[in-house]
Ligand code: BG6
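Coming up is one lone chain in structure tokens, specifically the form predicted on its own.
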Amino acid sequence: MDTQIPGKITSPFVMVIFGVTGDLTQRKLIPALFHLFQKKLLPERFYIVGFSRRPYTSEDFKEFLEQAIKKYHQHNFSESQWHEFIGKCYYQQGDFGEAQGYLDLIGKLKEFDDFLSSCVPRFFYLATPPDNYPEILKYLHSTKLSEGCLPASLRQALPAGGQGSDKWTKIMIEKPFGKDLDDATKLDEKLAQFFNEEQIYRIDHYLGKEAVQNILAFRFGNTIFDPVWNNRFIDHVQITIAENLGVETRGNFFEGVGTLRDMAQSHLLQLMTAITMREPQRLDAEGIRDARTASIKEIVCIEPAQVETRIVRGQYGKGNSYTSGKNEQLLSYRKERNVSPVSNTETFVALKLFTTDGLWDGVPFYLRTGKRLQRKATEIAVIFKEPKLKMLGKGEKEVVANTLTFQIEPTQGIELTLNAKKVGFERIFNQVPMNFTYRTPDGLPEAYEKLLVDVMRGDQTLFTRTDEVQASWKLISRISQRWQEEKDPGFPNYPAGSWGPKAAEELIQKDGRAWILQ
């Protein structure tokens, strides 16, 4: 029976998606929810309510979702399953900054409660630009939507629109969480006014990726690596998140954020902590989040005078792409839709970071991420120190440093390069890769599928906590403040389709090292 399916959610719920007509909902949320439905992981009773400004009818909204699912769903599509799924989707028109839409939403949610004669847990998903967060939170509070629900027999004693119990509500909020340390602090203060920490799910979808989760399983589940996971054996670490696409339809959003705040503050630092964090004292959600937060707090903040030598920023100009086998002409960032023709927003950043954790004393972490790079790839490379017996090698292939690579995108797996003597009479060494890739019949679960299920279960392990967010912003804000003092960064400074600015190569080359992923 369905109830015996591992991971199946059994409790009814209603998910309200604010900004339902946006890019995130089309590309990620609806495909993820539909695939969970196809896998029979959702309960029999669930409802999805889209909230947006567009004057859609119910049929308009369902047509919009069908176009999105046919474009972005990467699994087998079933008309009968989609017909059943779309029957659970509803639309509520409303302006984020006006109360009426929220008041209308109260009536719609009450219909679900009355139909099931119980309080249906409510998940509010803020799939909007960060600028909309404060006003949405304001009206969730003022209309008492944030209070959840009480049984009908008790509801009459509440003020009009009041719900009564916060145990029935959760709020999901997308990164970036604020624009700087001060903004993030104010956002967290506002969240804390209306929701308990146990109700807040701050989403960084990289934490939901199977390959990222497996880094901790690999580290702490295999004792052979623990003795060498320190500065005695590791020379340096490289982390790359490369995107071959530009900003596409997200020009308005990206202009107000930039790569440093969009990617470095969240994804890059989360991947770094996956390597540096100590083994959690407890293997529950709070134990893992404690360890992750401690690791971020130990990253050495960059002083203003160090920004020029430790940080590189870039913006892509026009260029060419050969990834599809054809020579495609690519626009510069300043020519993209909804982007200022004189924009100084960065589309690339590289950082050289250190941590105060004694195990990693003196070990540099080279991080980089950017748009319109040569190809899409996300990897973490842990480069060990060169063997002492390197001089025994002869010929072009001598004994070299071992490298442990965690491949996250597009290939997902782990590879360890070892040195081995080539068969024959000479002492000639070859580098032998030992690797595995994830192979499952249905492919790996999408990150958003995992995160959505965890919200429904109430598991906060893969969601960032307020002290974790503030620690990351403390580091990033120092960099962005320094950049604000520089009037002309010299953009554009790398051609679309390349590996970024020349300065990013020099950042690692001046230390006698080179980027592995090229």
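Start at 1 with the first residue shown and count on from there. Values in this document were obtained by computation on a predicted structure and should not be read as measured data.
The discussion below concerns the form predicted together with this ligand, not included here.
Here the marked residues R250, D262 and K376 all reach this ligand in the model of the complex, each with a heavy atom within 4.5 angstroms. Of the residues R202, R292, K371, K170, just one reaches this ligand in the model of the complex with a heavy atom at 4.5 Å or closer; this is K371. Think of it this way: in the model of the complex, this ligand has a heavy atom of just one of R478, K28, H35, R45 within 4.5 Å, and the residue is K28. Looking at H267, you'd find a heavy atom of it within 4.5 angstroms of this ligand in the model of the complex.
Using a 4.5 angstroms threshold between heavy atoms, F96 stays clear of this ligand in the model of the complex. Although the partner is absent here, R122 lies well away from this ligand in the model of the complex, with no heavy atom inside 4.5 Å.
Mapping the unseen interface onto this chain, E243 counts among the residues with a heavy atom inside 4.5 Å of this ligand in the model of the complex. In plain terms, the part of the chain that comes close to this ligand in the model of the complex, with a heavy atom within 4.5 Å, is 202-210 out of 296-304, 82-90, 114-122, 202-210. For the stretch 174-201, the set of residues having any non-hydrogen atom within 4.5 angstroms of this ligand in the model of the complex comprises only K175.
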